[in-house]
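Single chain ahead, by itself, as C-alpha cells, in the form predicted alone.
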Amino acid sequence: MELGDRLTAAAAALAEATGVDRHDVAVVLGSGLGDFARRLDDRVSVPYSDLPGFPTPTVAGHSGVAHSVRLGERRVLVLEGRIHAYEGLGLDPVVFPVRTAVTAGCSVVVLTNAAGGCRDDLRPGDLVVVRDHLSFAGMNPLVGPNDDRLGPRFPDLTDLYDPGLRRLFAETARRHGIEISEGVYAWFLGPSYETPAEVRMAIALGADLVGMSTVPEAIAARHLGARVLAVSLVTNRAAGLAGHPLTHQEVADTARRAADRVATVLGAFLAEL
C-alpha cells in the first residue's frame, strides 16, 4: 500500500476510535514527559496498537498511547511516546504517527524532547525552544520515492521551526514566570550517549543541545505542510560536561521534577493558539 493510502487509513481509524473527525494540533511527548497527558481532563485515549501502522515504543517512559482532548478552541492530539531511530525499525515507523496526525488535520505539530545541554548557561530543568538543528545521524525520513501529493521532493527547511510559534511559546512561558531561551539541537542516532569528543564537535559546529529524536519528525511534518515547534527539556549536562556518567534514570528523574512547569507552559500555549 502506498504511503498516502496508509496515512489515510490510519487517520480514519484515529477518527473512529476517538469520535473526532479532525484534529487541529499534535503534541509529541518526549522521554519522561508523559505525565502531561495524564493531567488532561475528558481525554479519549487510544493505544498505538489499535491504530494501523503505528509502531509500539520499546523505551521506558514512552507508553505508546494517543489522547484526544479539547484545549481552548482546539482539538489536540497528544502522542504519549515516540519511536526512535535507534530502535531499529527504520524512519518510516518513526515518523508515521506524526504524518498521521497531519493527515488527520493537524496544521501545527509540537515536538518535545529530553536533551543534554552543552551550552555553558544551560542546566537540568531548563526549557529551550529549538530554532534550528544539526543532523549527525546520517538519516532523513524523505529518502526514497516522493509522493508529490504529500509534499515537494526538495522541501525548504529555512523556517522549519516556525518563528511565530517560537515567539508565542516564549511569551507564554514568560507570562507564567518561566524564562526560556532558544538553541540549536544536534541529532545523534544513539542509543549510546554521545562521547565527550562528539559533544565538543557539536559545540564547535554551533549546537546548544544534543539528543536522539525530534529531527526526523520535524522534517516529515514540515514536508506535509505543518508548522513545527520543538521544545527541549534539558535533563542533564552533555557527556564530558556533567562530571559523572549519564543514565536514562537521570533523564527520567529530571523530567519528573519539571513536570509541573512543562505542563503549565504547554497547556497555556496550546490554549492560546
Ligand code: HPA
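What you are looking at is a predicted structure, and each value in this text was computed from that prediction instead of being measured. All residue numbers refer to positions in the sequence shown, first residue = 1.
Below: the form predicted together with hypoxanthine, not depicted.
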Check your understanding: So which of 183, 116, 97, 81 reaches within 4.5 angstroms of hypoxanthine in the predicted complex, heavy atom to heavy atom?
Key -> 116
Point to revise | Answer option from 26, 228, 207, 212, heavy atom within 4.5 Å of hypoxanthine in the predicted complex | key: 212
Revision key, fill the gap. The stretch from 174-182, 68-76, 159-167, 108-116 that lies within 4.5 Å of hypoxanthine in the predicted complex, judged by heavy atoms, is 108-116
Check your understanding: Can you check whether residue 193 is within 4.5 Å of hypoxanthine in the predicted complex, heavy atom basis?
Key -> yes
Practice item. Using the partner position in the predicted complex, report whether residue 255 sits within 4.5 Å of hypoxanthine, counting heavy atoms only. Key: no
Review point. Do residue 251 and hypoxanthine come within 4.5 Å of each other in the predicted complex, heavy atoms counted?
Key: yes
Point to revise | is_contact(residue 232, hypoxanthine) in the predicted complex, heavy atom dist at most 4.5 Å | key: no
Exercise for review: Within 4.5 Å of hypoxanthine in the predicted complex, which residues of 225-242 have a heavy atom? Give them in sequence order, or say none.
Suggested key: 235, 236, 238
